[in-house]
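Just the one chain here, laid out as structure tokens, in the form predicted on its own.
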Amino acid sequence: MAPKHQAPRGTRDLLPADTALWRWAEDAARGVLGRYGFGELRTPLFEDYELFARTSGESSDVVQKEMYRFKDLGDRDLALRPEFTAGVLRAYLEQGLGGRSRVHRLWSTGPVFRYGRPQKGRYRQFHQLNCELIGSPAPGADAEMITLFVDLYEAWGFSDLTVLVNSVGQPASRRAYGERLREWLAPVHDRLSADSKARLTTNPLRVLDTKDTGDHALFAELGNMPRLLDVLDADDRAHWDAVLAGLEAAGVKYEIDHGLVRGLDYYTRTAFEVHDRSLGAQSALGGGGRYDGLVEMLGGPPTPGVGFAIGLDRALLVIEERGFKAPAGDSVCIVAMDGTRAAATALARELRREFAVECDVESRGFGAQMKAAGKSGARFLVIMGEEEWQRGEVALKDSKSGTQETLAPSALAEALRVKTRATGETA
């Protein structure tokens, strides 16, 4: 019989076997982010609805179809965060970070929420790793963020990634491009999806972000899609060329995708996505871009920025499907006899200040404890025999090397340190 209560559609439980992989991935990411000089920022799960509506754009799918919006008991109009950037920049302004230094490198991770059709690797509550570089207008900042994105995935074992890049220019360029799109689509206007027809009026670039297969067939039928790069002004073109030069200098392979506009309205100039083509149609691993007008849109001074988001659920699903398992820690299992149970409890507490330790709490017999120890996967076995304990000794067995030694309880912690240090691992 099914349980009375189940997780809401589009959500899931992460069991201990799952979270071991998540912890490994998060730790690997923290290492890369630390070496790039990024600091962690944690923001609320919900914000004012207007914050997301203003930054994402009223015509975006996020606002129109996917936002978890609600009123609280004080009749405040709130929404669960559908992405991180808006909340990060709200915190940047509210906490006065701009007055502390010119450039900030910030990263965040946690759950985000969008209403959509759940499918493999995609949920209504999902998890993102988000990075922002705020304060620099230089194309080198764009190149660094794309390089960081690739380095994060390489730390997780990905290789041969494809970076897709485009420039969406600035407002004047996008207006000019919007007119070209309208002219290009005029012959098939009546055959477009309802969403695309509406977007042609409110925000023509959003048409290129359509998921409708019929629209994509019409694009292919027309051919010769106008290219945004062809309407860039001199400054935007210089920025674009410098970004590409920066990627080449860093050794990052890229392809230009003229249809790449990203799903949110706040992007300016550089937009990018990273793909693993071995995944087939669902190859996108995440993306981002520059947003030089977003801080000003939120009431702050003109402040450039560039950022990206990675979908962790999707990334870790791919890692699991490729057979990767998180490295197991070198845990310790203590096996005691009737006369050493109290001492085992005290020894376990002492060792747990530094090591992962399992210790029987059910007063099971020696044989049952040994059987459980074998199933536990613990690398080290501490056997506390009664006679040995009377002599001031315990036995330490290392299942990795197959060796066993007898030593004083006071020497046990140092012996474990030496053994784990020798293999470059921690317990």
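Residue numbers run from 1 along the displayed sequence. Nothing here was measured: the structure is a model prediction, and the numbers come from that model.
Not pictured, yet referred to below: the form predicted together with a small molecule.
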{"query": "The small molecule in the predicted bound form: contacting segment from 247 to 255, 68 to 76, 339 to 347, 304 to 312, heavy atom within 4.5 Å", "finding": "304 to 312"}
{"query": "Interface membership of Arg114, the small molecule in the predicted bound form, 4.5 Å heavy atom rule", "finding": "yes"}
{"query": "Close approach of Gly121 to the small molecule in the predicted bound form, 4.5 Å, heavy atom", "finding": "yes"}
{"query": "4.5 Å heavy atom contact, Leu285 to the small molecule in the predicted bound form", "finding": "yes"}
{"query": "Touches the small molecule in the predicted bound form: Ser331 (any heavy atom, 4.5 Å)", "finding": "no"}
{"query": "Of Phe126, Phe355, Phe219, Trp184, the one that lies within 4.5 Å of the small molecule in the predicted bound form (heavy atoms)", "finding": "Phe126"}
